[in-house]
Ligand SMILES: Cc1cc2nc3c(=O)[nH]c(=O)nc-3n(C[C@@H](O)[C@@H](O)[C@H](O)COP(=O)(O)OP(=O)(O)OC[C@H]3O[C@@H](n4cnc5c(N)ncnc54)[C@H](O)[C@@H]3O)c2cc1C
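Single chain ahead, written as structure tokens, the form predicted alone.
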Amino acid sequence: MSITNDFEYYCPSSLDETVKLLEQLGEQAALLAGGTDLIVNIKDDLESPSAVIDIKRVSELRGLDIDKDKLFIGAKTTFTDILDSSVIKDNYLLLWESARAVASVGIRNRATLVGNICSAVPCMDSAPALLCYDAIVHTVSKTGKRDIPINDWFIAPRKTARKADELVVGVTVPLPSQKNSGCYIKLGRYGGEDLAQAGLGILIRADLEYRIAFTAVGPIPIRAQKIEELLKGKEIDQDLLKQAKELVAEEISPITDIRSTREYREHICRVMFERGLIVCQQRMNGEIINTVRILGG
């Protein structure tokens, strides 16, 4: 399908030029990086911006900056860039596994993590990892800079805290201060390029603090705070695991659609939660466990 609506195309070469364009065009403009969501939406008439600002030439938005206690992911960083980083795989395994779950190789070569969170589709794969790591989203506009906790970023389906004149320059992901273990589990209908029917990220620290986040089972990705509070400071045993699984249905609000029923999503989230928690414990104990596979995930 071709693009049938007209729009003005801009291709700035600097951050300042991009910010000026956003101030001038505001809500009329759409930002283009990888384009894997925007172009599809324009073709399907889901979006009809009167201007498209292509940021691929803005060098300030490129790359990964890895410090001893935090990771900065620039707005033009693709999921393939994340997968190619051995530092991320060694230190942010949950983030690395979520990047590997995104669509196909071809999509991952173009799609950016920042674009993924700006699209704010309820089934995005990157959100659980960023929620578990307490990531910070950085924006800039003519009026200044903002640092927005990822927990405050998602407002509603396809709606974020970004203002129309703001550009997201990147995301900072703090490195947990203690030894930790994590995993990402995705339920799909088949192997290969498919949206998540349900997604779950788990991060466990050595001091027995648990971070758990779901995606695709509610209007926005969310942290499972009741489960986290129940598990905090405790070693996992069968009784505690059973109590935690019973809370899963209280944390999520799945719908029935063409990809799955609400009841199936609730059931499979309990299964994913149990398997994920076990894998995280095994990894924490030094066992080498490959990515958790569940149906098409």
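Keep in mind it's a predicted model, so treat the numbers as computed, not measured. For every residue, the number given is its place in the sequence shown, counted from 1.
The same protein also has a form predicted together with the ligand, omitted here; what follows describes it.
### Task
Report open or blocked for the site once the ligand, placed as found in the model of the complex, has been superimposed by the C-alphas surrounding the pocket (blocked: 3 or more ligand atoms within 2.4 Å of a backbone or C-beta atom; open: none).
Site status: open.
### Query
Do M272 and the ligand come within 4.5 Å of each other in the model of the complex, heavy atoms counted?
No.
### Query
in the model of the complex, does A244 have a heavy atom within 4.5 Å of the ligand?
Answer no; every heavy atom of A244 is more than 4.5 Å from the ligand in the model of the complex.
### Query
Closest heavy atom of T36 to the ligand in the model of the complex, within 4.5 Å or not?
T36: contacts the ligand in the model of the complex.
### Message
Taking any heavy atom pair closer than or equal to 4.5 Å as contact, tell me whether R223 reaches the ligand in the model of the complex.
### Response
So R223 does not count as contacting the ligand.
### Query
Within 4.5 Å of the ligand in the model of the complex, do A103, R110 and N116 each have at least one heavy atom?
Yes, the whole trio is in contact, each within 4.5 Å by some heavy atom.
### Query
Within 4.5 Å of the ligand in the model of the complex, heavy atoms considered, which of V217, A75, I82, I212?
Only one listed residue qualifies here, and that residue is A75.
### Query
With the ligand left out of view, which of L31, V248, I268, V58 would have a heavy atom within 4.5 Å of it in the model of the complex?
None of the others qualify; the residue that does is L31.
#### Entry: Stretch from 118-126, 204-212, 141-149, 87-95 whose residues place a heavy atom within 4.5 Å of the ligand in the model of the complex
In the other structure, the partner sits against 118-126.
### Query
Can you name the residues of 156-171 that have a heavy atom within 4.5 Å of the ligand in the model of the complex?
If the 4.5 Å heavy-atom criterion is applied to the ligand in the model of the complex, 156-171 yields R162, E166, L167, V168.
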